[in-house]
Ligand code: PHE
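Let's start with one chain on its own, the form predicted on its own, as structure tokens.
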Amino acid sequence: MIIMSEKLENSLKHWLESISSIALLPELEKVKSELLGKSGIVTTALREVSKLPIEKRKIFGEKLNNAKSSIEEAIANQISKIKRSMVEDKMNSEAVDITLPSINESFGSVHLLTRAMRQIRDHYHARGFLVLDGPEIETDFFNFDALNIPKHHPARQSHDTFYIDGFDEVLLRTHTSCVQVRTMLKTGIPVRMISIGKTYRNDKLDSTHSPMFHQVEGLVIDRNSLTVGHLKNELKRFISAFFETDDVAIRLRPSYFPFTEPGMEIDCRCNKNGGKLTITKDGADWLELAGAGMVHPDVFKHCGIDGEVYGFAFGFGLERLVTLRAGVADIRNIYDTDIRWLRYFRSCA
């Protein structure tokens, strides 16, 4: 078994020192493949860390990750150095090409939230789901009544919801469940859909709340029997795809939502080491991720669906998912225009 032995540590140190002396890109790519490729030395060692006793796993894993980061940084720096040298050699040997872009030109990147939305859309498109959005200005019926939210519910008060001046029953939607209602009214059943979009609630902006945020909500309805087991399986598939791991364990805790019966909160096992989160079925901690449940029969009635029908729904806050995956502690940083944060998000790709 390859572990972070003294021999391996010295070998990686030697590789790290030799990278700066490589002058050709093909040679550098070969070294990168030998160290970081699918069958590379570091990759293989990291894969085998999980086989170690738990008390050694953290020590060796941390050493290997530090070595991997150092090698990646050294290779990136050397690639930049070689390319700069190639351009300089070309300019010295040829006439100056005034159309040549600046070597130090900084390019933009797709924002962290946009990347996550595209990833989720691709995941569900590939599985045959509809990926939809609807109007952000909604009526009471689509936002509350059709979802079995009673008139006296606190969510309908102005201290929780933004109403449009001069229109008592027109508001900025508080969830993307409105899209599910519109879809059921338009298409009937069966339904397999996901909705991603902006939502609005009368919250003060702080480290964990924003008056505008994005939701990801799923809905599956059929006349064939759908159970909590199907819901649990769908949630595991989503969490596994988003956090890019098959090592997922979740639990369902009873909770109340007017539009589900039964309703539940979704937690998954994880490890929290400093600012880093790792989703793993052997994790020591539980992390709350979503709300879900079986669709309430009254919701079907409001949407004109009769007869024996089954369905489940679930909802995630996109900003929460993104901050957990990227290790961002304050949601306000996602909306910040500080160039340092934008560069940091680019490095989280």
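Everything quoted here is computed from the prediction, not taken from an experiment. One rule holds for the numbers: they count along the sequence shown, beginning at 1.
Keep in mind that the form predicted in complex with this ligand is missing from the display, and what follows is about it.
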- Item | this ligand contact in the model of the complex: F243, any heavy atom under 4.5 Å | no
- Message: With a cut-off of 4.5 Å between heavy atoms, is R201 one of the residues that contacts this ligand in the model of the complex?
- Response: yes
- Message: Check L64 for me: does it contact this ligand in the model of the complex (non-hydrogen atoms, 4.5 angstroms)?
- Response: no
- Task: Would you check, heavy atoms only and a 4.5 Å threshold, whether E217 touches this ligand in the model of the complex?
- Result: yes
- Note: this ligand not shown here; in the model of the complex, the stretch from 235-243, 209-217, 115-123, 81-89 having heavy atoms within 4.5 Å of it is 209-217
- Note on the structure: Checked 161-181 against this ligand in the model of the complex; residues with a heavy atom within 4.5 Å, sequence order, are H175, S177
